[in-house]
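The form predicted on its own is given below as one chain in structure tokens.
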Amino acid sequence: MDADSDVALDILITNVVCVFRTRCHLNLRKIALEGANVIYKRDVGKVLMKLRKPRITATIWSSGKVICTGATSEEEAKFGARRLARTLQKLGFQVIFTDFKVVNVLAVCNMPFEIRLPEFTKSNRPHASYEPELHPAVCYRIKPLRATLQIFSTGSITVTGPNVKAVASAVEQIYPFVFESRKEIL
């Protein structure tokens, strides 16, 4: 088995965070009283609204800014954001769906082998940092992709990036490095 051979790695997207604007002022009290599946946080000045399909949670501010979390793909995030905008329209607001942007994608990938973390950190020093007293994983940053990878000794890798494409290319880039530091099976 070598690093160049094609190995199919399953990248499981666990969370997609997106932002959009409504281009109108939102009365949070009205949303809290008339909306469904709503939590009003008056002290913070926001409303949390949950949708069941797709399963997302939205944070709504009176300025019209909305952040949606919990989707499992970029398409699902956009669909959920549009559904949320439609829900706000039905409550009587003049909502215009604008400035939609996926801001963060969280994914998990399992390598078919375990990884020697101290060896991996030494060979990738400027990009990798490992503090076993603070956290059980190596933090590896890929600046051009704006991606951060948490690499665990079990072979599990948690990837955070600005979009799905960046997450996939981050896993492709890290595979040869973790392959060099894999634990040999006896």
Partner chain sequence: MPGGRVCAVCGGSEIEVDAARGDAVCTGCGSVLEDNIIVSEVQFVENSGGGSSAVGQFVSLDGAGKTPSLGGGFHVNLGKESRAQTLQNGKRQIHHLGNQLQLNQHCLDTAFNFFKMAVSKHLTRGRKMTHVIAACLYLVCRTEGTPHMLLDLSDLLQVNVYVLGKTFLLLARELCINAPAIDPCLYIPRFAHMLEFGDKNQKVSMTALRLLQRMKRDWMHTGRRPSGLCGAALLVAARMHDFRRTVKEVIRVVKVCESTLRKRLTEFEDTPTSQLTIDEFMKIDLEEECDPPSFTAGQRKLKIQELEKALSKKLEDVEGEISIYQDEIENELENSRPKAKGVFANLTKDESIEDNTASVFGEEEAEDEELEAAANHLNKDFYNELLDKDRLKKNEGRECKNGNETPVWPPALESLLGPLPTAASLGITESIQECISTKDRDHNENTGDGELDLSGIDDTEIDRYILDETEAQIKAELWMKENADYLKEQKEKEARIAKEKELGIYKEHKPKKSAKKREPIQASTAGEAIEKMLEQKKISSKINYNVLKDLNSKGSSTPKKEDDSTDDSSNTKKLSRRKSTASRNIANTINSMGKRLRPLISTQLAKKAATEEVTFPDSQTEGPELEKPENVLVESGPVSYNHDEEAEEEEIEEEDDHCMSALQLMGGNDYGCDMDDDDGY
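Since we're looking at a predicted model, the values are computed, not measured. Residue numbers count along the first chain shown, from 1.
Although it is not shown, the form predicted together with the partner chain is what the next lines describe.
With a 4.5 Å heavy atom cut-off, would you call F120 a contact of the partner chain in the model of the complex? It does not: once the partner chain is placed as it appears in the model of the complex, F120 has no heavy atom within 4.5 Å of it.
Using a 4.5 angstroms cut-off on non-hydrogen atoms, would R29 count as touching the partner chain in the model of the complex? Within the cut-off, so yes.
Quick check on K101: any heavy atom within 4.5 Å of the partner chain in the model of the complex? K101: no contact with the partner chain in the model of the complex.
With a cut-off of 4.5 Å between heavy atoms, is V38 one of the residues that contacts the partner chain in the model of the complex? V38 belongs to the contact set for the partner chain.
Can you tell me which residues in 116-153 come within 4.5 angstroms of the partner chain in the model of the complex, by heavy atoms? Sequence-ordered list: R116, L117, P118, R125, S129, Y130, E131, P132, E133, L134, P136, R141, S153.
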